[in-house]
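Heads up, the chain below is alone and in the form predicted on its own; it's given as C-alpha cells.
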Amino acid sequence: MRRRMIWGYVFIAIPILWLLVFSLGPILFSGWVSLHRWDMITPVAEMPYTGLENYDYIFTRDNVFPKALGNTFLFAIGGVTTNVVLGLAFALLLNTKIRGRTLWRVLYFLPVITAPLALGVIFAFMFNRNYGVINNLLVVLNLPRQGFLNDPNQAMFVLIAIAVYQYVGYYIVIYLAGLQDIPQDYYDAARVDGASYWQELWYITLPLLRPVMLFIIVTNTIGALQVFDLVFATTGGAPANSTMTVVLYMYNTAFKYSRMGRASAMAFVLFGIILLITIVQLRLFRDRTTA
C-alpha cells in the first residue's frame, strides 16, 4: 500500500513540477522584473531595483498605455458582443433543417483554422486605401474610397470585423453543441401549450444556453483582451496609435525599446484586469443561473 502511495506521489509530482517551472515560475519572474529596470543585457542579479516606479510611469507619465488600454477594451467589447449575438443567430439558423447545413457549418468554421497572421496580411491587402479590393468595389458602385485601416476613426472597427469573421465560426460550433443538448420534449410541451417561436427562444433556449454563453463570454473576453497577432499583422498599432493594444504595446516596449521592467508591469496590470473581469462575469452568470 505504502509503495503504491509513493508511486502516486511521484506521478503527481511530475505535472506539478512542470506547472511550477513553466507556468508559475515565469509569472513570478515577470512580477520581480516589473519592480526593476532591466534591458535584457544587464545580468539579472545586477538589475537596479525601482520599486513601483514602472507602474507609476505607465499610469501617470506614459501617453500611449492609457490609449492602448482603451483600444483593448473597445476591441473586447465590440468583438465579444458581436460574437455572442452573431454566433447565436447563425447557430439557431444552422440548427434548423436548411439545405446544405453541413456545407454552411464547414464554411463558417474555415476561418477559425486560418493562421491569424496570414489572415491579417490578407485583410490588410483587401482594405488597402489605394489598391484594396474593397475600395475597388466601392469605386465601381460610385462610392468614395474609404481609409479603413489607414483611418484612425475606422481602423479599430475594421479590426473588430476581421476578428469576428475569424472566430464567430468557433462560437457557432459551441452554440450548436448547446442547442442540440436541449431536450426536444421541452419544445414539444411548449407547442402543445401554444407557445410561439420567440416564446420558446426566450423561455427555453436562452435560459438553457446560459452555461454555454458564460463559456463563450469568458473565453472570448480573455482572448480579446490579449489580442496581438491580428493587430501586429494589419496595422502594427497605427495610424496614430488608434489600434495600439496593450499586448502589442507591451511587445514594443520589451523587444523594441528593451524596457522589460515596464513591459512586465503592463503584463501584470493586464493580468489583474483579466482576472477581475473574469471573476465578475462568473459571479454574475452563476448568480443568475442559480437564481
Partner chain sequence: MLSKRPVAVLLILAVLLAGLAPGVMAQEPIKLTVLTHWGEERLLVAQQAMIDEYVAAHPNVSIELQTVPFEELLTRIVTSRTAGTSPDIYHIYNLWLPEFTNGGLLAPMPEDLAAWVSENAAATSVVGVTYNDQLWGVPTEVNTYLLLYNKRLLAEAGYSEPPKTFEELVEIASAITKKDETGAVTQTGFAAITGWDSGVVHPFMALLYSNGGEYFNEDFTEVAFGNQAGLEVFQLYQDLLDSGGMDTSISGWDFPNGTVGMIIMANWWRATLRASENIDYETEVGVAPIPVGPSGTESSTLAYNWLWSVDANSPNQEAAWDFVEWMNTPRGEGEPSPMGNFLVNELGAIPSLLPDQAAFAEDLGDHFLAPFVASTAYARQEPVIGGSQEIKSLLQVEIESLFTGMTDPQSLIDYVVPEANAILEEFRAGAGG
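All of these numbers come straight from a predicted model, not from anything done at the bench. Positions refer to the first chain, counted from 1.
Heads up, the form predicted together with its partner chain isn't pictured, but that's what we're talking about next.
Using a 4.5 angstroms limit between non-hydrogen atoms, residue 54 touches its partner chain in the predicted bound form. The shortest heavy atom separation between residue 260 and its partner chain in the predicted bound form is within 4.5 Å. A residue is said to contact a partner when one of its heavy atoms sits within 4.5 Å of a partner heavy atom; residue 130 meets this definition for its partner chain in the predicted bound form. In the predicted bound form, its partner chain lies within 4.5 Å of some heavy atom of residue 150.
The partner is not drawn, yet in the predicted bound form one stretch among 186 to 194, 142 to 150, 83 to 91, 170 to 178 has residues with heavy atoms inside 4.5 Å of its partner chain: 142 to 150. Looking at 234 to 258, the residues that come within 4.5 Å of its partner chain in the predicted bound form, counting any heavy atom, are 238, 239, 240, 241, 251, 255, 256, 257, 258.
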